[in-house]
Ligand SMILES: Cc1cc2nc3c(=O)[nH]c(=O)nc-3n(C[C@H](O)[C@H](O)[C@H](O)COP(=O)(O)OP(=O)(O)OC[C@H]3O[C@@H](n4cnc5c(N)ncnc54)[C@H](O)[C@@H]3O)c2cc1C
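Next up: a single chain in C-alpha cells, the form predicted alone.
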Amino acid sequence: MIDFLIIGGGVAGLSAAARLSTLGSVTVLEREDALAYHASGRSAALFEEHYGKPSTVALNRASLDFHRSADVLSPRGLMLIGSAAEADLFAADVQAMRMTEITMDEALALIPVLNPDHVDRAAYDPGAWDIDTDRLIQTFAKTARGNGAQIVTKAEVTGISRTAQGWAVSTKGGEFEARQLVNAAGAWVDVIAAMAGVAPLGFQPLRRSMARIPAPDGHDVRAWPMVFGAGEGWYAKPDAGALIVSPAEEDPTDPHDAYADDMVLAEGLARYEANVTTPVTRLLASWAGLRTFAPDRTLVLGPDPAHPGFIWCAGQGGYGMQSSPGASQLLADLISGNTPAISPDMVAALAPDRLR
C-alpha cells in the first residue's frame, strides 16, 4: 500500500513527489512516455517574484531560495512597453509588477529594434530570471527517487475507486493502491476528480500559442530582456539565439495535446511587429501549451474538504515553474501538520474549500 499516489508527472506532480517522499512512500503516474510533456515542457520559463495573484506572489517568494540553491536561475530582466493608446494598461502593469519606468533611450539600449514611432513608454525590472526548467524537473525527480519514490510513465489512469484503506487506481500500465491520492494532473485535474467521485472545481484549460523566430536583423539577442506588451497582449523572449514570440492568448479549450492556432499566432506576431522595426519573415517552429486555472485564477493546494484523502495540487496556470518549490512545500506542510512558511491568509486563499 502506497502512502501517496500522485497523478501527473509535470512540475506540480514531481515537486509534490520530492516533498512528500520525505513523509512516506510515493508513486507518480504519468500518462505520457516522458515527464513534463504538456504545460511543464512548454513554459516561458521566467521567474518574476511579483507576477501573479497575491497568493501566487507569496509562493514565488517562498520558492526563491530553493531555485537559487538548485542553481536553476540565470539573469534575464523584464521590460514592459506601451504606446499612448495603452497608457492605462501600461500604468496598471507597472503598479502590479512593481516595475520602474525607464526612458526610451534606456529601453532602446536594451532592445535596439523597438519602434520609437509606436512605443513611447517603457518600464524595467532587472530582478527577473530565466528558469532552467529541465534542470528543475530533474532536480525534483532525482530527489523523489533518492527518497525511494517510483515514477511510472505510460500510465494513463482509466479508473479510480474508494477502498477501505484509501484509493484503488487502474492504469494502462497496471493497478495501484494508496492511502492518499494527489491530483496533479494539469489540464485533466477535473477529469481525475470526477473519476474519483470528487466534485470538480471548475478548472479551465486555456490555450497559449508560441512561435520561435530568427533573431531580428542578426542581432545577438542573448542578453535582451523578456519584453511584454502592455496588458500582456503579447510577449517575446530570447531562446537559444532566437526569439520566442507569443500572442499571449487565453482561449478556453478541453484538455488535449495542444497545438498552435495559425490565425491567432499571426495576429500575435502582428502585434509584436507593430512594436519593432524588423518584420517577421519566417518561423523556425511553433507550438502551444495549456495554462489551467481555477475560477479565481489562484492555485488550489490541499485536501478536498469532503474527501480528506484526495489532495489537490492544481491550477498552476502560467506560474507552475516559478511557484513549484513553495507550492509543494505548502502541500507537505498541510499534510504533515507543520506550520507553513506563508501567512495563514495566503494558505486560506489557496485552500480547496474556498471553491465549494
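All residue numbers are counted from 1 along the displayed sequence. Owing to the predicted nature of the structure, the values given are computational and were not obtained by experimental measurement.
Quick note: we don't show the form predicted together with the named molecule, though the next part is all about it.
Looking at E32, you'd find a heavy atom of it within 4.5 angstroms of the named molecule in the predicted bound form.
In the predicted bound form, at least one heavy atom of A185 sits within 4.5 Å of a heavy atom of the named molecule.
Within this chain, W312 is remote from the site of the named molecule in the predicted bound form, having no heavy atom within 4.5 Å. In the predicted bound form, S43 approaches the named molecule with a heavy atom inside 4.5 Å. The contact with the named molecule in the predicted bound form, taken as any heavy atom within 4.5 Å, belongs to I192 out of L201, A128, I81, I192. Listed residues Y235, F176, F90, Y124 were compared with the named molecule in the predicted bound form; Y235 is the one with a heavy atom within 4.5 Å. Considering the named molecule in the predicted bound form, the lone stretch of 274 to 282, 212 to 220, 138 to 146, 152 to 160 in range is 152 to 160 [heavy atom distance within 4.5 Å]. Of the residues in 311 to 329, those that come within 4.5 Å of the named molecule in the predicted bound form through at least one heavy atom are, in sequence order, Q316, G317, G318, Y319, G320, M321, Q322.
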